[in-house]
Structure formats: structure tokens, C-alpha cells
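Next up: a single chain in C-alpha cells, the form predicted alone.
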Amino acid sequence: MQHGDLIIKADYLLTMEDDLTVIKNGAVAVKGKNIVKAGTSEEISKEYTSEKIIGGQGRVVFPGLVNTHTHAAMVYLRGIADDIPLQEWLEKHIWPVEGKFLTSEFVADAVELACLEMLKAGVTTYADMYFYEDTAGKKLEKIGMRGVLGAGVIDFPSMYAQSADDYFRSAENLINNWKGSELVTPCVAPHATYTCGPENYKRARELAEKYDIPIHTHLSETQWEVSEIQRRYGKTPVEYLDEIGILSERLFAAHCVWLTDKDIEILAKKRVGVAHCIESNLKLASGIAPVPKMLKAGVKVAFGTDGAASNNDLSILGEMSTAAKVHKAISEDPTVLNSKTALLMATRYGAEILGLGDKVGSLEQGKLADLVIANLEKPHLTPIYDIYSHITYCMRPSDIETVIVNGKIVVDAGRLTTMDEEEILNKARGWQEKIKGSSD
């Protein structure tokens, strides 16, 4: 018998390996940060013992959910400006508030709230695009969450930087400070084709290649963006980024709503990952990305929430349910984006497009122990005939009971173990008063 640090048992175990089978009465053995074995409870009990056994009857275990696109610190701007078009939302509301309040302290406090919300909703990894990401990294270490932190780059000055050199200097500092970290993956994040010219995109690519890190960008989010890039360069945003050599497996692109068939072919050929942010796209009336067509063409698509200022929550469970239903409706095909595909996109595909597929996204021997235990003993989850269907169409963040990241329990009985939840909420209320007071 081998000794494990932790054994997790459940009525249903979803490893999200290639066959997507359901292991009834399953178990996972964890030693240190890693999964040493996943299988039936009987198999695990024959090989492993542990003083700590959690989960059990009425539970399901699956890999931690992956949020492949958000702006975590914008959780402090949740609900500040709703029901208006994207460009007006950005230029008249979001950017002015950021101009007044965007500081390292703002990001530090806001990231705590974002991580609290995501962890309690079963999200163990998120990909960010924002500023002061070095500060965010320190918070991730403290709270115990995994993140791909994208240092934002735009062509114009902001409260954060005065020139392209400033943005890239910050990006390189982020890389030097966090490359090799257990929880934080540094990333460079040129904002979008309409806010970054070709030189800054090429500079971002060179930096990413030099340090072997991902690139994160917005792409083809709105009809306005597509029209503007066609006016400037005579090409769609996808064709333009392809022409200047940005598209590759290293890049993951958010939104990808307005794509031509040729665009989809290019994304598939260049193995670009796509973050599908359906709730933000619906709320801002940006449109609905052609996800079934992308998946059929071989484009790897995962889920992102976008920022809480435009969603307005950070729940990947919500994205899964909304996406699965909306794509059925618009395609008039109830078989499109089925529940197994939705959970695959939320776990393994998410990890893969972030470059973390060898570490997380499925429950396999040798991978890091990032996983979720959900309580199935709820009225809305009873009775159970298909566990994938229940997770996609019925499960809520409040059903998440235990969350483990890197082998460490960070949410236990629905409560954060690494920081004081009330203190995080009180900080948020304090910032609310400052921001509200500035506009009165």
C-alpha cells in the first residue's frame, strides 16, 4: 500500500480524458501537488491509504474549471454602466473611471474579490488581460489560485503607462518575476487590433517568442471592429493578424464573433485558441460567435466570462449553460454543443489553449491536482440520469463544495480557506463608496 496525502471519493468521477467516460463510485489519490491515480474507489483503496479522505456519497468530482478570458480587477466595476453599446460603454464610462482609480492598490483589492468569486464557483485557473499584473500575481500566490496573467499593451498613454516602451517594460518585468512560478504564468496581451498597431503586435510576438509565453488578445468582437480594420488595412482582423505574423498556437483570442469562413480556416490552420464569451457578447449585443462551425473546422474553443463589468459575473458554469442553449436555438439543432462538449470546453480545452494542457484540465496521473467537488444532494440536481447534463444545465456555483488547486484545499465546505472572505467583501464596499462618491 502506498500513502497519499489526500483521497477524494465521489459517486461520479469525470476525468475529462479522451473517452469522456463516467467513473461511478470513483476516487482520486493525491500526493503533494500531483494526482497519483484516478479510477474506481475500489481500485484506489487497493493501492493507496490516506488519513484524509473527503467527498463521498452524493458528490461529483471533475477538473477545475478554466476561465480563458477575463479582466479580473474590473469586478469592482460590476454594474457601473449597463445596457449601452460597447464603444460608448468603454469610452464614456469604463475608461474614465479607470483613469481616476486604476492603481496597484485598486488591482490588489479587486483581484481578491474576483478570485473569491471564481474559486467558489469552481474556477481554478483564469486568464487575465489588465494592468498591474505583478500585483495580481502576488494575490494569486496568497489566495492559492492559478492564473495566466496578461500584461496589457495599447498604443496610447494611460494611468498605467505613458508609452509603448513603458507597457513592454512592465510586461518584461512580469515575465522575469513570474516565469517558472507554480501558479502564475506570465503572458503578453496586446489589447485589440483597433487599439494596437502592427508594430506593437509584432513587438508582443517577439517578446512571447523570446520567453516562450502565450499571447492574449481581443479579436473580431464587434461589427464596428471588423469594419474599422477593413478600412485601415483592407482585411478582416483575422487576415490582418495573419499577414503580420501574429497567429500561432501561442495565441489565444477572445470573442471571435464576426468571422468569415476564410477567417475560421485561418484560425484552424494556425491552431489559434478561442475564448468564447457568450454572456458578455449577448449583454453588449456584440453578436454570437460561430462556435459550432469553429469546432467542426478544428478550432479549439473554450469559455471566458470577460470582465464582471460586462457579464456581470465570473461563472463558467453560467457560460456553459448559456452557450449550450443559445447555439441550439440559433442553429435550430438541439444536438449542437452538447453537455459533454460544454464541460470539455470548460476544462481540458481551456487548459490547452492557455498552454497548460500538460499540467491541468483533466484528472490524470502526473497532472497537478486542480479539481472540484460538487454536492449533488440538491432539489435542482435530483434525480440524476446524466451527470454531464446536470453539470451543464442545472449546476450552480453554490453547489461547489470543495476546490483544490495544486493539491491544496482552497475552498472547504463552500468557504475560502486561504483568506478572510468578510475582509475581502469589506474592501470591495469601501471602493464602491469611493467610486460612487466620485460621480455624485
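For every residue, the number given is its place in the sequence shown, counted from 1. This is a predicted model, so every value here is computed, not measured.
Beyond what is shown, the protein has a form predicted in complex with a further copy of the same chain; the following relates to that form.
Taking a further copy of the same chain as it sits in the model of the complex, is Gly298 in contact with it (heavy atom to heavy atom, 4.5 Å or less)? Contact with a further copy of the same chain, no.
Please run the contact check for Pro397 against a further copy of the same chain in the model of the complex: heavy atoms, 4.5 angstroms, yes or no? Yes.
How about Lys436: is it within 4.5 Å of a further copy of the same chain in the model of the complex, going by heavy atoms? Taking the distances in the model of the complex, the answer for Lys436 is yes, it comes within 4.5 Å of a further copy of the same chain.
May I ask you to state whether Tyr132 is within 4.5 Å of a further copy of the same chain in the model of the complex, using heavy atom distances? Taking the distances in the model of the complex, the answer for Tyr132 is no, it never comes within 4.5 Å of a further copy of the same chain.
To verify the annotation, which of these, Glu243, Glu265, Asp333, Asp165, has a non-hydrogen atom within 4.5 Å of a further copy of the same chain in the model of the complex? Of Glu243, Glu265, Asp333, Asp165, the residue with a heavy atom within 4.5 Å of a further copy of the same chain in the model of the complex is Asp333.
Given that a further copy of the same chain is left out here, which of Asp412, Glu47, Glu42, Glu377 has a heavy atom within 4.5 Å of it in the model of the complex? Spelling it out, the residue with a heavy atom inside the cut-off is Glu377.
Does every residue of Lys325, Tyr385 and His390 put a non-hydrogen atom within 4.5 angstroms of a further copy of the same chain in the model of the complex? Judged in the model of the complex, Lys325, Tyr385 and His390 all sit within 4.5 Å of a further copy of the same chain.
Segment that reaches a further copy of the same chain in the model of the complex - one of 109-117, 201-209, 181-189, 358-366, heavy atoms within 4.5 Å: Correct option: 109-117.
For a quick check, can you give me the residues of 284-305 that have a heavy atom within 4.5 Å of a further copy of the same chain in the model of the complex? Those in contact are Leu284, Ala285, Ile288.
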